[in-house]
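Read the single chain below, which is given as structure tokens and is the form predicted alone.
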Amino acid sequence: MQGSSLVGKAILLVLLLLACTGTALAAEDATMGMSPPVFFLVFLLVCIIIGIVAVLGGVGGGVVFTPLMMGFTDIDTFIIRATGLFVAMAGALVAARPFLRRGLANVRLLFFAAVPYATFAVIGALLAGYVKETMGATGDALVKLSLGVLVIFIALLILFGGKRVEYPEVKNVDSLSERLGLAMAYWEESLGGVVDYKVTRSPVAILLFCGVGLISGMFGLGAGWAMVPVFNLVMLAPLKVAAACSKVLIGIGDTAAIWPYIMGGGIFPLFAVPCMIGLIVGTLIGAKIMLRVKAGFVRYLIIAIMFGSGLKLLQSGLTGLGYL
């Protein structure tokens, strides 16, 4: 707990330094006509709200942040995607330590999934930089169009997706999972005992991790919306293990994928810092609210927001390509 606090303080210190740098360098045309302090406060408040709503709706803040910012602001799409990835990475790194210390995150499973996920997340980030450099406005329009389709698909997945299973039953373990020894155990507080579990369908999972990594790197989305179902519904890992592995894996993969964005000038401190602080603060507030209210209706609010953002992105993309 003390370690997590130190990590959090270190990240906040770096963020404050970045914010000071960003404030000094910011020009009004880069801050949508607002003064730097107003720009900082506006996005801080907006991201606090996004963080609260995302937690109550049961999704990561990144999956709401990126389409909403890309659909309804004039900020460069490359900067928004870089910030989305940065936010997902920082949140995952802060949360990872307790999961690893308690054994909820299966280290063998993480090694197995990290290679395809991180590799394709970097490829996605490089692809994003290539599109920005070579295709200009047409590339931006194609990115918005593709993200619009993807966001609407995610909203449908949340709406109609299969119910997650707390302790899936594994009847047959495939030979690859058996050879890699991916089965492990963890202490379950609610049961007061050790839960032994196995996983299966490793070959299919490798392909899915490649696809999720590519999407995460290319669009700057958090990958929890896809990672948890892959671990839980495809590999049949217990739900808590799936959530813990997803969080740690995002930290590993996105740390690698963020570098092409940094080298391409995608991190604008005056935008990245309030967004990240806002989402973390909003997540903490949302977690406390969740204990006291029935949050089921918020799930439908999230779906409505994602449909709205997706349709706006489709409209922007088609306009940019000259079809509207």
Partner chain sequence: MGREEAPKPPLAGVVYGEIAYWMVIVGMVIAIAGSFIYLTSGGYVDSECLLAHLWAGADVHTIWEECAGIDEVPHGHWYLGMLGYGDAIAMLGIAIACLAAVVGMWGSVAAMFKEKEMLFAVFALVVAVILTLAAMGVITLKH
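Given the structure is predicted, the values throughout are model-derived calculations rather than measurements. Residue numbers count along the first chain shown, from 1.
Below, we turn to the form predicted in complex with its partner chain, even though it does not appear here.
Relative to its partner chain in the model of the complex, residues P37, R97 and P260 are all within 4.5 Å by at least one heavy atom. Residues with any non-hydrogen atom within 4.5 angstroms of its partner chain in the model of the complex fall in just one of 208-216, 145-153, 124-132, 229-237: 124-132. In the model of the complex, at least one heavy atom of V115 sits within 4.5 Å of a heavy atom of its partner chain. In the model of the complex, its partner chain lies within 4.5 Å of some heavy atom of G251.
Its partner chain is not drawn, but in the model of the complex it has a heavy atom within 4.5 Å of G266. When contacts are judged by a 4.5 Å heavy atom cut-off, D76 counts as touching its partner chain in the model of the complex.
Though its partner chain is absent from this view, in the model of the complex it lies within 4.5 Å of a heavy atom of just one residue from V63, V273, I50, M70, which is V273.
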